[in-house]
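To begin, one chain is listed below as structure tokens, in the form predicted on its own.
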Amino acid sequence: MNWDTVYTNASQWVKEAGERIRASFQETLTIRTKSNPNDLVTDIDQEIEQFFISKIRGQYPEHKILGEEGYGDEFEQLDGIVWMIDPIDGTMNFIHQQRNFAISIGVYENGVGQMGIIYDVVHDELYHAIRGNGAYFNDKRILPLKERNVKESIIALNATWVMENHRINHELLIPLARAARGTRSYGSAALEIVYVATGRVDAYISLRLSPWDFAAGAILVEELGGVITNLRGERLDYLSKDSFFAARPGLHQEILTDYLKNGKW
């Protein structure tokens, strides 16, 4: 597989999709809920996923597709080449803010990430990597990540997980939030993972993500020397939802050992 050609096609499709999304800002959205009242989907999410599927099927009919909105294929294992697509990661931000959302596409071959693209549509910022060739912000190469300790770090962490909630004991992550230099939450997993890759934040923790949320970002972070696991320190499952933890080298082990080891994640 010529990954440079795949990247050229994918990046062109992403830019076209971005134009469609920006054009929708003047339209009245059709908004529906999925698993709960705050799990939103719009007609634009669905339209953009179908746009990508049409392009991929036309150019690469033998490839498989895993898409958030369910228009792709059914999977039992990640054999062959699989595109993992989130047409709008951060739909709530898209609806309420018209910013802080992204298109995310990761392409995997037999379970190994080969190409990742994350496109911040509003700011026209393209983050991309082909395995073994470094990672880029537009045309500028992103520098490898350096080690940093917790006290010097900004952790991307949703406030939900340090307040009383039904999923975990909220007191487990309070010591980490207290020890860090600061915490942030942006409402888009793809962007928060990209911010780890670019050093804008030093780690990102989430209790529940789907493969299309992290497929592209994981490729970028690992290409730059960062570490990606679930909160138990295990390799991610790219076929099911799981907890998610991305961090700079060194920092990942410190957080895992000193702050996450006692949690039932």
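Bear in mind that the values here come from a model prediction, so they are computed numbers and not experimental data. Numbers follow the displayed sequence, beginning with 1.
Absent from the display: the form predicted together with ligand 2AM. The rest refers to it.
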query	finding
Interface residue in the model of the complex among 227, 224, 53, 209, criterion: non-hydrogen atom within 4.5 angstroms of ligand 2AM	209
In the model of the complex, the one of 84, 118, 189, 155 near ligand 2AM [non-hydrogen atom within 4.5 angstroms]	189
Candidate stretches 172-180, 118-126, 138-146, 85-93 - the one whose heavy atoms come within 4.5 Å of ligand 2AM in the model of the complex	85-93
4.5 Å heavy atom contact, residue 202 and ligand 2AM in the model of the complex	no
Contact test in the model of the complex: residue 241 vs ligand 2AM, heavy atoms, 4.5 Å	yes
Exercise: residue 213 in contact with ligand 2AM in the model of the complex, heavy atom 4.5 Å	yes
Contact test in the model of the complex: residue 68 vs ligand 2AM, heavy atoms, 4.5 Å	yes
